[in-house]
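Listed next as structure tokens is one chain, alone, in the form predicted alone.
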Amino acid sequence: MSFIGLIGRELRLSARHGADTLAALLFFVLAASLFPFAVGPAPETLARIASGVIWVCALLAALLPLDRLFGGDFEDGSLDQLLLSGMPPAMLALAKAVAHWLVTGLPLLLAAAPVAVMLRLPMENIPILIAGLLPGSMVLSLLGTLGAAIVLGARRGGVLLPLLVLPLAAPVLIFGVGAADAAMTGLTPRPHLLLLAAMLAGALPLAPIAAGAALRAASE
């Protein structure tokens, strides 16, 4: 099976389980909607915390479908067939990460702008928020794929997965929020965005290789 064909397979499987994608998107919107009730409706307060709220909610929402990323294939034996098809395990993991971003990361990215407006983030700062979320969400998908591969087959893997991914994702969260906050205070967000791009450049080759090794170990 080719790399593109595997991505298409993952997208078709995700379409059959559309409730998972919808659940992640609804969680993102509803969780962000609760903050005005908790901190009050003052526009200045909401604008100050908007970028942090969006990033944290996006991170948590991206974690929701990860336990199914390899779980179904592992249980029905499809993972063994994919590994025996001749495709390198790293390419298999990369295809899973791409599919996860297309199904989960991209919808969250599109929903971020309306949520930012709801949280009173200034309109001129929304492009900076999206510019940070674009590489940041890709890194989160790569890290989530790595975490899902590592806990594959483990007892209580669904509990271990967030504990493994969240510390790895902390730098992404820090620099993503830092870019939006810098724009709000009149500073340049360029250093933060460049660091996010550097993280993506590092995670793109390394995370699939590590995830592929974990998949190979889980199948043996």
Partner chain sequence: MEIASNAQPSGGRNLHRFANPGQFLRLSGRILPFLAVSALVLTGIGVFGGLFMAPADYQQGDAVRIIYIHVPSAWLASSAYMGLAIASLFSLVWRHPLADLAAVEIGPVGAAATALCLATGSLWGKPMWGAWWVWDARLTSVLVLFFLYLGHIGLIRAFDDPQRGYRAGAILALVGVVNLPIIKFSVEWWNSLHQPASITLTGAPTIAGSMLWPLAFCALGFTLGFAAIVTARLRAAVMERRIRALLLARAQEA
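Positions refer to the first chain, counted from 1. Keep in mind it's a predicted model, so treat the numbers as computed, not measured.
One more form of this protein exists, namely the form predicted in complex with the partner chain; it is left out here, but the text below deals with it.
Asks: Counting non-hydrogen atoms within 4.5 angstroms of the partner chain in the predicted complex, say which of Leu168, Val56, Leu26, Val39 makes the cut.
Replies: None of the other options qualify; the answer is Leu168.
Asks: Only one of Val98, Ile150, Leu134, Leu119 gets a heavy atom within 4.5 Å of the partner chain in the predicted complex. Which one?
Replies: Residue within 4.5 Å of the partner: Ile150.
Asks: Picking from 176 to 184, 31 to 39, 159 to 167, 58 to 66, which part of the chain touches the partner chain in the predicted complex when contact means heavy atoms within 4.5 Å?
Replies: Among the listed stretches, the partner-contacting one is 159 to 167.
Asks: Against the partner chain in the predicted complex, would Leu6 count as a contact residue? Criterion: heavy atoms within 4.5 Å.
Replies: It does not: once the partner chain is placed as it appears in the predicted complex, Leu6 has no heavy atom within 4.5 Å of it.
Asks: Can you work out whether Arg190 and the partner chain are in contact in the predicted complex, taking contact to mean some heavy atom pair no more than 4.5 Å apart?
Replies: The answer is no: Arg190 has no heavy atom within 4.5 Å of the partner chain.
Asks: Is the gap between Leu194 and the partner chain in the predicted complex 4.5 Å or less for some heavy atom pair?
Replies: Heavy-atom contact with the partner chain at 4.5 Å: absent for Leu194.
Asks: May I ask you to state whether Ala210 is within 4.5 Å of the partner chain in the predicted complex, using heavy atom distances?
Replies: Yes - in the predicted complex, heavy atoms of Ala210 and the partner chain come within 4.5 Å of each other.
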